[in-house]
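Next up: just one chain, as structure tokens, the form predicted on its own.
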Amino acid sequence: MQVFETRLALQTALNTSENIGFVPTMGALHQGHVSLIAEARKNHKTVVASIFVNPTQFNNPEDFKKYPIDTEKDLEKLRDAGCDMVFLPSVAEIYPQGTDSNKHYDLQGLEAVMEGKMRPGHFQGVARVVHLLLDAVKPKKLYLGEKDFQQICVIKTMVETEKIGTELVVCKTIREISGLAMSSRNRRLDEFSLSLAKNLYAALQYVKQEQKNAHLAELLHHAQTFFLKNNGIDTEYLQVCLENDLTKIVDKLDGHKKYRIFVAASIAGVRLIDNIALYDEK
């Protein structure tokens, strides 16, 4: 496995590669990331991953400072997973002119809801860094995990509006035995907090299972109270949205449309997100 710290060195190595699969990460890798590498490995001659903790997508400076970094272990995991090349740039390499930018992406309202509403500027930072990484790697396909579904919608919109010829491949969320979605943030939770965190998935599953038996507002209130509030979990949002454009649904669900339920909550000061489809996925 080759590791490159500069865009020029990476592009020189990729010069003769045409069928590239790409997995962007911020490090602190877990089995979810490994599964993305494995999926890319099935379909591409060359698999590239990046490790870059992007400062422009952190609206909370303390969150950026606390982000776990263990590059040597991350590289070992990527090597074991069959990754061919790793792009490991510095902030100066990604943003040679500095992190301030006049570039503004038209995200079609996606940055005004849920994560975008709670984290102003976050998705502009995401769109910007992914755009720069795609320009550096020029992959045929980009592999992303379903846990960050709103982020996937943002990246899909950016790819379309910027006319980038990369296909997005969305892979299933990898979960702990408890149901908790795997996340780099999970390692910041102690054993007791991890036992509480399983209630996020339980709340989502409850709404999915009971969606035909009660009014949506009642279901969400019960899920919020029983699974989250009663367990000391501080919820930022628990809501159902249309899958295609993330329009919030507050009333009845139309059986002919696809919906997802999303949650964001803090446990012991650690912010976690999750989502599941409210239909049976094949």
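All residue numbers are counted from 1 along the displayed sequence. As the structure is a computational prediction, the values presented were derived from the model and not from experiment.
Absent from the display: the form predicted together with pantoate. The rest refers to it.
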Next on the checklist: Test of understanding: in the predicted bound form, would Gln150 fall inside 4.5 Å of pantoate by heavy atoms?
Outcome noted: no
Next on the checklist: Thr46 versus pantoate, in the predicted bound form: is there a non-hydrogen atom within 4.5 Å?
Outcome noted: no
Checklist entry - Hey, in the predicted bound form, does Val129 get a heavy atom within 4.5 angstroms of pantoate? => result yes
Checklist entry - Any of the heavy atoms of Leu242 lying within 4.5 Å of pantoate in the predicted bound form? => result no
Item to check | Residue among Met26, Ala38, Ile249, Leu220 with a heavy atom within 4.5 Å of pantoate in the predicted bound form | outcome: Met26
Next on the checklist: If contact means a heavy atom within 4.5 Å, which one of 249-257, 212-220, 229-237, 51-59 is the stretch that engages pantoate in the predicted bound form?
Outcome noted: 51-59
